[in-house]
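Quick heads-up: it's one chain on its own, the form predicted on its own, in structure tokens.
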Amino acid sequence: MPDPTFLFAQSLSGLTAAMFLFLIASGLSLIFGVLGVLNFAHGSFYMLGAYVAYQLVQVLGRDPAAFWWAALGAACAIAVLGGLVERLLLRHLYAKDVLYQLLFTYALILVLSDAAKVVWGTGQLSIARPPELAGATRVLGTLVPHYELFVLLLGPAIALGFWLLLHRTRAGRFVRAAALDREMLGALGVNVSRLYTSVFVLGSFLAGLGGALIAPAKAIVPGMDVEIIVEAFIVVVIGGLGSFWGTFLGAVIYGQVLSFGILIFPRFSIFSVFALMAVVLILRPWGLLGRPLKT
């Protein structure tokens, strides 16, 4: 039998990866749930969040809070970019066939990827962990870096915060109403166009924040956008497209299956995740916590 301490460490590793994925996938799921758009370029916003955070850290230099300001600045910059994309380009495709939306967001991936290569090059970049989170703590016999503990706590905190926003505020009620019946909401006098932009901005903010926070733990390289968008789509398919808590559950399941899959079947760890997704699609095509689409 494997050592329980080792299993605990493996589980924590999977949870850490899950919380990073949740930050990305929650924005993707939110945009789909309200706007009905499968935004392939969401991974590009994540990648740009990492690059912008790196650039801001270089600008801020030796400021003790440089990383935190850079992470917040990067998330806000990507939120603005997302708002411009939705306002100037994407909104003209809402009435079109979904294929046009997919082609547009895929084209956006190519444009943003090349733009990142022009500005930052093709080499690997990295950001140092903030000094206050540079150490480690022993938890149940396992040495856990402080930065991983921070991410483990941040994920549930963001999940709870967004649940409160969606279910306990007037704006959240509008967002949920738009997901159910946007025409009726518009007939009641709500500016649905502005609401759509706000939701896209919020989803883009989460993508940028996820990219900024992953930078101290993972190399910043071209192509990281394609890798993350595949993982994010697996998470939202497992949990249920448009379901916030489904996304959280899907991220946790994905992280654990991948972490223990590497332990049990090193050569087939990725296969185990796709096999899980296939099983979910067969048994519940709308995801674990999603709702069947109306036909």
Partner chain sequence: MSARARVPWGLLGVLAALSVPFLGSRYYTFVATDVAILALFAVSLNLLLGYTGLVSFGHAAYFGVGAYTTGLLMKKAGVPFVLAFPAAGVLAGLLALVFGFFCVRLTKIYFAMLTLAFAQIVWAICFKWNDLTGGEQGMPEIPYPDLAWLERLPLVGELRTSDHFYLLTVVLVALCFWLLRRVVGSPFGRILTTIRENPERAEFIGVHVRRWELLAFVLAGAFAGLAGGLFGIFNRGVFPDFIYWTKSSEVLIMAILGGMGYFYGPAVGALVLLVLNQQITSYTEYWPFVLGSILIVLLFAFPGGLVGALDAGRRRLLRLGRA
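Numbering follows the first chain given and starts at 1. Predicted model only: the values in this text are computed from it and were never measured.
One more form of this protein, predicted together with the partner chain, exists but is not displayed; see below.
Contact annotation: the partner chain lies within 4.5 Å of heavy atoms from the stretch 224-232 in the predicted bound form, the single such stretch among 65-73, 247-255, 224-232, 48-56. Proximity of Glu132 to the partner chain in the predicted bound form falls outside the 4.5 Å heavy atom cutoff.
Ala157 falls outside the set of residues with a heavy atom inside 4.5 Å of the partner chain in the predicted bound form. By the criterion of a heavy atom within 4.5 Å, Leu35 is excluded from the residues contacting the partner chain in the predicted bound form. Taking the partner from elsewhere, Phe162 is found to have every heavy atom lying beyond 4.5 Å of the partner chain in the predicted bound form. The listed set Arg138, Arg194, Arg168, His92 contains one residue whose heavy atoms approach the partner chain in the predicted bound form to within 4.5 Å, identified as His92.
Along 76-105, these residues reach a heavy atom to within 4.5 Å of the partner chain in the predicted bound form: Leu89, His92, Leu93, Lys96, Val98, Leu99, Tyr100, Leu102, Leu103, Phe104.
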